[in-house]
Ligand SMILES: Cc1ncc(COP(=O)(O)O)c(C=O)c1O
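The chain below stands alone and is given in structure tokens; this is the form predicted on its own.
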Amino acid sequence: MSEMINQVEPNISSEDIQNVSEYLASGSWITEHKVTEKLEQNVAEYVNRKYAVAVPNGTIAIYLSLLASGIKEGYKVAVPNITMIATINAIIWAGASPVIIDIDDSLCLSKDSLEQAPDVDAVIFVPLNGRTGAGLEIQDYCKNKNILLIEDSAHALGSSYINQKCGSLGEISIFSFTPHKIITMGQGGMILLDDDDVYANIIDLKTFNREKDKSDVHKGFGLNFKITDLQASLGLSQFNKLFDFVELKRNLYQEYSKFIDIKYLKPFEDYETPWFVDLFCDNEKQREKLNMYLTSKNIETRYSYPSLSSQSYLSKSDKTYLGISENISNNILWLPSSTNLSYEEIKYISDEVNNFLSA
């Protein structure tokens, strides 16, 4: 290939462009209003939640979920050792203390390891890369122990826990709409929940806690975490194609699995949607060499997240035994996973991966 194949890129159609252009020409004030409300309603209905609240990004979505639920200084929040850094940073931002938990073979938070940290007040479960792991079992565990469960479903729009959609686990869930997510509006996040009081708290926190709309009298502390209808017009257009994107992601993984030895690929369940196609190298050195080789062939890849426990500023965080996550975190390479990829590109990438592995 003469041109670089991106590891991921947004899939923006002419229809998306037309919808945004029509919105701009409509004379609207652009800020958060009716289009955002429609996007919120559609996403809430899709995951069977009572409320959806749009915010600027997924990090803020987790932060507000914690804050509105009363999680603050003195509280402990369990978080899996392999996740994007935003998950744990939102805990720290809220003033709480993270407890780093090992993963299981699904790459998601381990229920067995969670049980080694019995004094946590909340758990953030991450369906990493669309895999759902022991999510339903952890939901039951948290309910029985009266532990708040937040689902960081930034990777998992379109995935399910068998018959329960990602975005509906526990008390609160969040989505992210950055350019490499399954649908995008440039930046953006969504909080999904059912509790009336927590919903009211979130609305107050994201709109300066005004006494009423357009008032400059405030009931208490609040900030500005609104988005814009301009973003939502793109998000709504993208959401209307979610079924197509889910099918493209699933087909993408199936095509790769036809060409690459399955021992390097971890299978997905039928109800899960791969966010990225992950290749499991034998060790960190092999991953580094493969990355360099594919780059020389104009194939861009990405290392998966390093373990949280390897981040120096988190070294003093409480943690369980982390044997699985620390052993595997440096071995995973994300292959090109865009819904724009052609069959010819997938075949070319697979052939080059096989050329390297066979050598």
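Note that residue numbering begins at 1 and tracks the sequence as displayed. The shown structure was predicted, so the numbers you read here are calculated from the model rather than taken from an experiment.
There is another form of the same protein, the form predicted in complex with this ligand; it is not shown, and what comes next is about it.
- A residue is said to contact a partner when one of its heavy atoms sits within 4.5 Å of a partner heavy atom; Gly167 fails this definition for this ligand in the predicted complex, lying far away.
- Taking the partner from elsewhere, Ala154 is found to have a heavy atom lying within 4.5 Å of this ligand in the predicted complex.
- In the predicted complex, at least one heavy atom of Gly188 sits within 4.5 Å of a heavy atom of this ligand.
- Though the partner is left out of this view, Ser329 does not reach within 4.5 Å of this ligand in the predicted complex, counting heavy atoms only.
- For the three marked residues, Leu107, Lys266 and Tyr303, no heavy atom of any sits within 4.5 Å of this ligand in the predicted complex.
- Only one of 308-316, 55-63, 25-33, 288-296 lies within 4.5 Å of this ligand in the predicted complex by heavy atoms, and it is 55-63.
- In terms of contact with this ligand in the predicted complex, the residue from Ser173, Ser113, Ser233, Thr83 that brings a heavy atom within 4.5 Å is Thr83.
- This chain is drawn without this ligand; in the predicted complex, the residue among Ile100, Ala122, Ile227, Val126 with a heavy atom within 4.5 Å of it is Val126.
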